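Take a look at this one chain, the form predicted alone, written out in structure tokens.
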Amino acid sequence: MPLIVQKFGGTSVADSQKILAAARKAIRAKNEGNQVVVVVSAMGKNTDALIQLAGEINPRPPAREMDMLLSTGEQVSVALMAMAIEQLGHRAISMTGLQMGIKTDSTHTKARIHSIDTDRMRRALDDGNIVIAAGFQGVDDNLNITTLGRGGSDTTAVALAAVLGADACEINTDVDGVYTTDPRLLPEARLMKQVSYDEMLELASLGAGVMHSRAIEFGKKFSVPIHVRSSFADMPGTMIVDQPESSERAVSGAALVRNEALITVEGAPDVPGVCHTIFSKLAARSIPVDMIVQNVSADGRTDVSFTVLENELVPALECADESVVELGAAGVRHDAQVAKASVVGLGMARQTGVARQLFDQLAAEGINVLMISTSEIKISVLVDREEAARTLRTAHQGFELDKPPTEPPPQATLPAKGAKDVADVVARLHGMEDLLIDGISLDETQATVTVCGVPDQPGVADRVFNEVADAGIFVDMIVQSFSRRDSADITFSVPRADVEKSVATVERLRSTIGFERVTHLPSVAKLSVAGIGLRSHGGIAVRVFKALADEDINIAMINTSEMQINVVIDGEAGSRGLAALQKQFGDMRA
């Protein structure tokens, strides 16, 4: 019999009438011939109220007791949902995390799932019950109640769908599905029929609040189709699967993070270990880092720029100041009034010229770009915060994201139910949320070109990459960061065979742009670490930096994404760097 997992968030079970409406949806799925598991969150603002109450009792409540307290919110919801289904004439049984056999680690308030024992749930389903599962919670080896942190009910739902071999996982929420961008910011945002796991991971990290990254990581890792739809309207919603909505389009969505802050450690010695020194301090204080850009070396010194959320600026600056003292760097500067706009699309990995198109659009609108970072399926630009909304609108309109694709979505290639080797699946379910490294690679075919001292003016990157594209040169990685207040360095990688041609092409712009110089590295190595959980398992970039520092290998260029961390090093150190990363992450590989 088919099995469906349905999840209802806090707004979907906020009062008795909404609970009854959710119960009817579960019964309708049961009547259609499915076994049904319903995962529910705490009612409405219940969790916020409990947090406030705890703060009134104890300004610094113990994390274990916070988990004990917060888990009661879901316990109320599951009991009421089971009562609603019984009242409507069907059988239901509610279960807590302990009763479902959800085992986690002991990290209170942000625990990770290790395993789920499905025996009790399967018996209840086989007896004809709708199982009502408490989201957000589990127990550790000592039977202490734990909670999963932000997005925990989504994580519970997709995890249950994975271990039960569900045919689908429905996320019923207060939005209609996944849009091409936030419809609260752009009314012309379009509801997507389908989006890939990788695209959704990037969009989630960029502020799309539909689902949390951990739940999407589960979906990708265990090939669970996720259906995001409205609790309150009969809308088709959006499927999150392995394929994008369009096989022809390069860009699927755009996103904006308005509350970013930029920090630059200036004049750091250009020696191995600099990035590890800086970012290990941030990781030790659990400060998430977003964009990371390292400038080309000048006179043995380099600048390292990175962004954090604005509410993390003060502790991040403290870490940066400590790094300056330890490294003997020149100082720290910051800008708390910046925003990051990004375009995301699986098609970028197959199509060239996407960055050029974005820079064309921004230049036409006179929008100045402060920083650039690219990855395989994402291009991010940092702009002044006052330009944030205009930047998002320009990108969304420029890639015509408001228009539906002309062709139907490609068929997702999810494995057939029961097609996987049972022993393999069971083995993977132990340590369910462990980081999975599925690729460590070395590319020794590239060179880098750096345009130093580019004026701080709109359209400069556009002119550089138009010239390079017109010369027929393929560009892989691009980073731009400001080394001084009135100028920038732009670095990009090209095939080694094209490096001299690239330098000559850029040199032709010197008289019109007025940059200082062009430098190049004719032989570099690009090291990549790819996997599932790079974002939610903080500190992975730091481990990359440490592995290379321990081998006395210097880093020339960095970019990061949800699925991959790329670093560029000297070409002669490529094999040594690859061996260092394989040793560092060998126990986490698929």
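We number the residues from 1 along the sequence you see. This structure is a prediction, so every number in the text was calculated from the model and none was measured. We call the rigid core whatever largest set of C-alpha positions still superposes within 1.5 Å between the two forms.
The form predicted in complex with a small molecule is left out here; the points below concern that form.
**Q** Should the three residues K193, E199 and Q243 be counted as contacting the small molecule in the predicted bound form, with contact defined as a heavy atom within 4.5 Å for each?
**A** No: none of K193, E199 and Q243 comes within 4.5 Å of the small molecule in the predicted bound form.
**Q** Can you work out whether A42 and the small molecule are in contact in the predicted bound form, taking contact to mean some heavy atom pair no more than 4.5 Å apart?
**A** Because a heavy atom of A42 falls inside 4.5 Å of the small molecule in the predicted bound form, the answer is yes.
**Q** I'd like to check something about F465: if you look in the predicted bound form, is any of its heavy atoms closer than or equal to 4.5 Å to a heavy atom of the small molecule?
**A** Contact check for F465: no, nothing within 4.5 Å of the small molecule in the predicted bound form.
**Q** G97 versus the small molecule, in the predicted bound form: is there a non-hydrogen atom within 4.5 Å?
**A** No, G97 sits far enough from the small molecule in the predicted bound form that none of its heavy atoms falls within 4.5 Å.
**Q** Can any non-hydrogen atom of R496 be found within 4.5 angstroms of the small molecule in the predicted bound form?
**A** Contact with the small molecule, no.
**Q** Quick one: of F218, F359, F136, F279, which gets a non-hydrogen atom within 4.5 angstroms of the small molecule in the predicted bound form?
**A** None of the others qualify; the residue that does is F136.
**Q** Pick from G151, G459, G398, G237: which has a non-hydrogen atom within 4.5 Å of the small molecule in the predicted bound form?
**A** Contact check passes for G151.
**Q** Of 320 to 328, 110 to 118, 346 to 354, 151 to 159, which is the one stretch near the small molecule in the predicted bound form, taking non-hydrogen atoms within 4.5 angstroms as near?
**A** The contacting stretch here is 151 to 159.
**Q** Compare the position of the CA of S493 between this form and the one not shown after a rigid core fit and state whether the shift reaches 2 Å.
**A** Result for S493: no, shift under 2 Å.
**Q** Using a rigid core superposition, assess whether S342 undergoes a CA shift of 2 Å or more between this form and the one not shown.
**A** Shift at S342: below 2 Å after core fit.
**Q** Note yes or no: does the Cα of T147 move by 2 Å or more between this form and the one not shown after the core is superposed?
**A** Yes, the C-alpha moves 2 Å or more.
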